[in-house]
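Listed next as structure tokens is one chain, alone, in the form predicted on its own.
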């Protein structure tokens, strides 16, 4: 194969990368421009003057700090709880012998993946109102957990099925019962899949808008996606500060991918190979 043919895939991927990154570069440049007029005059160009005060004003005056921490702890808490519940369920249907109940319960979870989330919005609202948790963070945390469970269980169950049964047999010989096998053996071995599921669930919770918009009315309880639509001054949309807010919303995702990229790849591929 000639060097030119070898370079074609790299050229294609590099071009694709530029297309993907171009909108984000536009947001970064806009976030450090002076005002809307400069963005309008030179929308895709390099800023003439770097105005980093946009980030300070966005964090303080636009309450991005409050929205940011609301989104952060709601997303992390819901993701962790959904993984804990999903891992226990996946362990029960894959590593414990319950006969036909395993197939029936797992099939029920598969059905849950087929129901569109938007079609459940009205029933969720009625349940949340009946539980008297409307306009609280629990109104988001509980639906987020329930929404993430089917995907979490399916991925973790696929990974747990690939674990050799000899590990459990050795643990039983050492005197471990089911809770000990789950907590001390299966769960640590499932870390790559758990990391992958955590990233997917976290991103889904972090970017969720509809429930957060309709279930929370108190400004100090709002999450970052809902808070982003509040970037209005007395006369018009402040695009420079809005761009700074978008950067704040993207930074946690970039950090998570940069730190956990190896675990994410391992978690995606490991469950596909029988151990």
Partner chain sequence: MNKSLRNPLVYILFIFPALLLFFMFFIYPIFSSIYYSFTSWNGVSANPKFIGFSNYLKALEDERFWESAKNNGWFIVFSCFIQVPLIIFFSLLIANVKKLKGLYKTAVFLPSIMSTAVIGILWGFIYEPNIGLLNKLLGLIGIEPLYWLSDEKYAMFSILLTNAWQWTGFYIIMVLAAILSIPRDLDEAAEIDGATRLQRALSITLPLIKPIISVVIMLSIAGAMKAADIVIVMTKGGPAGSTDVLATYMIKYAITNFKYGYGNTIAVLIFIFTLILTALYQLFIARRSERIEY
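Positions refer to the first chain, counted from 1. Just so it is clear, the structure is predicted and the values come from calculations on it, not from any experiment. The term rigid core refers to the maximal set of C-alpha atoms that superpose within 1.5 Å between the two forms.
Heads up, the form predicted together with the partner chain isn't pictured, but that's what we're talking about next.
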Heavy atom of residue 198 within 4.5 Å of the partner chain in the model of the complex: no
Though only this chain appears here, would residue 243 touch the partner chain in the model of the complex if you measure heavy atom gaps against 4.5 Å? yes
Flag residue 174 as yes or no: does it have a non-hydrogen atom within 4.5 angstroms of any non-hydrogen atom of the partner chain in the model of the complex? no
Can you tell me if residue 59 lies within 4.5 angstroms of the partner chain in the model of the complex, counting non-hydrogen atoms only? no
Taking 4.5 Å between heavy atoms as the contact cutoff, choose which of 187, 77, 121, 158 touches the partner chain in the model of the complex. 121
For the stretch 30-54, which residues lie within 4.5 Å of the partner chain in the model of the complex by non-hydrogen atom distance? 30, 36, 39, 40, 43, 44
Once you line up the core, how about residue 210: does its CA shift reach 2 Å between this form and the one not shown? no
Rigid core fitted, then: does residue 66 show a CA shift of 2 angstroms or greater between this form and the one not shown? no
With both forms fit on the core, is the shift of the CA atom of residue 37 between this form and the one not shown 2 Å or larger? yes
